[in-house]
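As a starting point, one isolated chain is supplied in structure tokens, in the form predicted alone.
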Amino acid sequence: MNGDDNRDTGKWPAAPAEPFGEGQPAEGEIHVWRASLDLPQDRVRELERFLSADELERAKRFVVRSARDRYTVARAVLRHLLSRYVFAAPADLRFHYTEYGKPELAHPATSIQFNVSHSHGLAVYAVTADVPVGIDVEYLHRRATMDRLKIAHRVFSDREYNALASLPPYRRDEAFLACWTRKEAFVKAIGQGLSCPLDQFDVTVDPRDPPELQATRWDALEAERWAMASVDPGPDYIGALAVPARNLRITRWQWDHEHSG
């Protein structure tokens, strides 16, 4: 489905004050949140108390302190954000993970579904009611350690590779990341992550074109069931989301750390 049909406010206003005035997302609505992950050390330490034992253990595995702190902040924000929808304390939320590692709320019972992605110093979160969703964000200025055209030849579909190769070299890095975020959002939404072969479906590649799932190899009608949209999280980032719906209404908010515990 073409992203031109999707409505988006295009702005990132501050989150509404507590109690959460907007309630759960309506049918066809996606709440998208943006949060900075770079906080002072004392604030990061304060947020640790909201994490579970397994989250704290995972944080310890990061060798680089900035990565460890960003993970801590991202998880704490996720807990505070979801607590607004399910009316439970952030520390009381319990997660379980699907066969492919996608997180879901195990407690309390809820119709809320969500997905999260973070890159560099920014996280984005997508929240829906009853509908699976996938979201991905990438930092545009991350130094490429391999030639991205060679990576695309190996993991993208032939259609996507040819589209990328047809662009001028100076545009390929951004186009590669546009394609990557669109593909990643889709495989996260279907709950398979990178276990789904990326060459088995096609998305639009050029960041100037609306995000769109164009075809899948396993079902000729699959693409008609999905919508994609740009996230546009900031000038240094590129992002996309995917959801099985005909039309979308996207509402954005900027997370305010002053109201997170």
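Residue numbers here begin at 1 and follow the sequence given. Since this is a predicted model, take the numbers as computed values, not measurements.
We do not show the form predicted together with a small molecule, though everything after this point is about it.
Only one of L194, A26, A215, L56 comes within 4.5 Å of the small molecule in the predicted complex by heavy atoms, so just point that one out. Flagged contact: L194.
Consider the chain as shown here, without its partner, and state which of Y161, Y71, Y85, F176 has a heavy atom within 4.5 Å of the small molecule in the predicted complex. The residue in contact is Y71.
If we take heavy atoms and a 4.5 Å cut-off, which stretch out of 150-158, 166-174, 86-94, 116-124 is in contact with the small molecule in the predicted complex? Heavy-atom contact with the partner occurs in 116-124.
Would H80 count as a contact of the small molecule in the predicted complex, using a 4.5 angstroms cut-off between non-hydrogen atoms? H80: no contact with the small molecule in the predicted complex.
Should K188 be counted as a contact of the small molecule in the predicted complex, where contact means heavy atoms within 4.5 Å? Taking the distances in the predicted complex, the answer for K188 is yes, it comes within 4.5 Å of the small molecule.
G101 versus the small molecule, in the predicted complex: is there a non-hydrogen atom within 4.5 Å? The answer is yes: G101 has a heavy atom within 4.5 Å of the small molecule.
Taking the small molecule as it sits in the predicted complex, is R75 in contact with it (heavy atom to heavy atom, 4.5 Å or less)? Flag for R75 set to yes.
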